[in-house]
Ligand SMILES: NC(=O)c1ccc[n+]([C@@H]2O[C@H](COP(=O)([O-])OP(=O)(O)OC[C@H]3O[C@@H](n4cnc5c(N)ncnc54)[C@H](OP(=O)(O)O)[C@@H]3O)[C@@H](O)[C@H]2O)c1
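Shown below, as structure tokens, is a lone chain in the form predicted on its own; questions about how it binds or moves come after it.
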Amino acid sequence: MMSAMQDRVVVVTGASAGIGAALAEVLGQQGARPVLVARRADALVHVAARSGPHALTVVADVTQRHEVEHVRDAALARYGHIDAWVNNVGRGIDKPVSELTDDDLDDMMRVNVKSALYGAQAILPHFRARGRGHIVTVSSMLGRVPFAPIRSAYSAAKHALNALMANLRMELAVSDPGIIVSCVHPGIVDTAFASNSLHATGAMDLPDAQSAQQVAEIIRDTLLQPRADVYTRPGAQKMVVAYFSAPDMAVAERVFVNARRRG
């Protein structure tokens, strides 16, 4: 039986490891044509070998607008069209607000927000010409609730990212209703994200972490059955609702503070 993903062309940024690599493999194994994007050519080659016979690798730094446009052009040159674009590049930080520098904040916005903006803006003309398309942006639970102060500027960037994508979704609902915009919010995932964070002090213990495979399968399901806002862990949306509906956010935040103290 033919897979529902068969022959779909899906661009996946940040595909050299973690969630992006897992997603590329899931898509490729189900007959899609994944376009794998990252800065490390050697890592992309290894992921592509596990991502089906039609995987295309494109080496690019997606914090540079012209390189994102090159990704789009390379995918179109190979396949003639693109069905979905997954913004998956992100980087964390280990520094509280009181210690942030200008460079820290700029780096978080460039990697976590601008890369997704460039992806959305690069692909929109093609999606508009086709009258359809799907932009999926991998955000974070920290873009909804600030329960890890050490991730301060990362959390701020993901909040900005969510707002940007929500505004894009509302814009397109009027001008181009065939184009879908989704945000996916993982919690703790068992990847090298923590150890690769800006100012990281080393690998971190990841209790109850989801696997990258689990998150990738949820993103695949979002591509098949689109939703605007997707949480990858049971109870996560309830946590967000409870936080924002609290009569006093300081009281709600104390729950996270106390949990860290017990941990």
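Start at 1 and count along the sequence shown; that's the residue number. Note that the coordinates shown come from a computational prediction; the quantities given were computed from them, not determined experimentally.
Beyond the structure shown, there is the form predicted in complex with the ligand, which is absent from this document and is the topic of what follows.
Student: Select, from the options 99-107, 165-173, 125-133, 150-158, the stretch whose residues sit within 4.5 angstroms of the ligand in the predicted complex by heavy atom distance.
Tutor: Single hit among the candidates: 150-158.
Student: Please tell me whether the candidate spot formed by Val89, Ser140 and Ile188 is one where all three residues come within 4.5 Å of the ligand in the predicted complex (heavy atoms).
Tutor: Judged in the predicted complex, Val89, Ser140 and Ile188 all sit within 4.5 Å of the ligand.
Student: Does the ligand come within 4.5 Å of any heavy atom of Met239 in the predicted complex?
Tutor: Met239: no, not in contact with the ligand in the predicted complex.
Student: Is there a non-hydrogen atom of Val111 within 4.5 angstroms of a non-hydrogen atom of the ligand in the predicted complex?
Tutor: Result yes; Val111 sits at the interface with the ligand in the predicted complex.
Student: Give a yes or no for Leu223: in the predicted complex, does one of its heavy atoms lie within 4.5 Å of a heavy atom belonging to the ligand?
Tutor: Heavy-atom contact with the ligand at 4.5 Å: absent for Leu223.
Student: When the contact criterion is heavy atoms within 4.5 Å, does Ile19 count as touching the ligand in the predicted complex?
Tutor: Flag for Ile19 set to yes.
Student: Which listed residue (Asp229, Glu217, Asp61, Glu69) meets the criterion of a heavy atom within 4.5 Å of the ligand in the predicted complex?
Tutor: Exactly one residue meets the criterion: Asp61.
Student: His54, His46, Arg39, Arg65: which sits within 4.5 Å of the ligand in the predicted complex by any heavy atom?
Tutor: Of the listed residues, the single hit is Arg39.
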